[in-house]
Ligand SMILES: NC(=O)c1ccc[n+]([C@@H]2O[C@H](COP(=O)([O-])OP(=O)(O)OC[C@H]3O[C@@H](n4cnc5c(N)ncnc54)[C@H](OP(=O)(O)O)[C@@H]3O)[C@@H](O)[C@H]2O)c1
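Below you'll find only one chain, the form predicted on its own, shown as structure tokens.
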Amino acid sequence: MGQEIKGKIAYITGAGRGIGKATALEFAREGVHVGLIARTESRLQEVAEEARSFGVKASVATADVANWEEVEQAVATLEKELGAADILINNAGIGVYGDFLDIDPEEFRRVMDVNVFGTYHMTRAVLPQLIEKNRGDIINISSSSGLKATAGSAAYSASKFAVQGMTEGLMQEVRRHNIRVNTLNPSLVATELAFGEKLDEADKEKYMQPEDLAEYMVSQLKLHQRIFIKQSLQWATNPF
């Protein structure tokens, strides 16, 4: 049999919209208490209110995950209000696309700061809580672009390839603490990050939905603690 996740505590970054929001609400339906981190408090409060309707605790903390001091403070707030984490979902991310020479160096650096150092900062802040419990789960939301780059994706792919390497190394390091670390690598997901506001509702339904990934994460977390899927790739059936 698998394991029960009801009553566990999950910290989720980028929780104000898209995959992060869908994950927070799916976890809440499963009875998981959620700590929500993003830069915009109003969006977090809306998600928290909806999560509480499922009878769980929900706390919010604003932070730019690229900023170590803000992450430290946010994690301390969530730990005080909810308790130490059992689950960390590193979802916050940004994308910049275009020809290599057309991407401003500061834009390239910002992608690395958010996608790579944001994942590093959150993991560094939360990992001691998991080690203290001698168990836990860290799921890093990467991308199919972190497994295979394409023209115009140099900045984004570089950041997601880095997340893959960080995840692989950490996974090997913390297995002795019964901590599972893995990546999800979705292709196109119908979110603002991928499409902005370009898609109408009819076209949007052709693509993978944030809720699809949220349900997938729940199924992974329910696996018996002795097993985990270290890397997975998600595709929509036929979006074109």
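Position 1 is the first residue in the sequence shown; the rest follow in order. Not measured: the values here are computed from a predicted model.
Keep in mind that the form predicted together with the ligand is not shown, yet the notes after this line are about it.
Using the partner position in the model of the complex, report whether D64 sits within 4.5 Å of the ligand, counting heavy atoms only. D64: yes, in contact with the ligand in the model of the complex.
Counting only non-hydrogen atoms and a 4.5 angstroms cut-off, does I19 reach the ligand in the model of the complex? Residue-level check for I19: yes, a contact with the ligand.
Using a 4.5 angstroms cut-off on non-hydrogen atoms, would S59 count as touching the ligand in the model of the complex? So S59 does not count as contacting the ligand.
Exercise: N182 in contact with the ligand in the model of the complex, heavy atom 4.5 Å: It does not: once the ligand is placed as it appears in the model of the complex, N182 has no heavy atom within 4.5 Å of it.
Counting any heavy atom within 4.5 Å as contact, can you tell me which stretch out of 50-58, 183-191, 28-36, 168-176 lines the ligand in the model of the complex? Comparing against the ligand in the model of the complex, the contact stretch is 183-191.
Every residue of A15, I141 and Y156 near the ligand in the model of the complex, heavy atom within 4.5 Å: Every listed residue reaches the ligand in the model of the complex, so yes.
Select from 76-115 the residues with a non-hydrogen atom within 4.5 Å of the ligand in the model of the complex and write them out in sequence order. Heavy-atom contacts to the ligand in the model of the complex: N91, A92, G93, I94, R110, V114.
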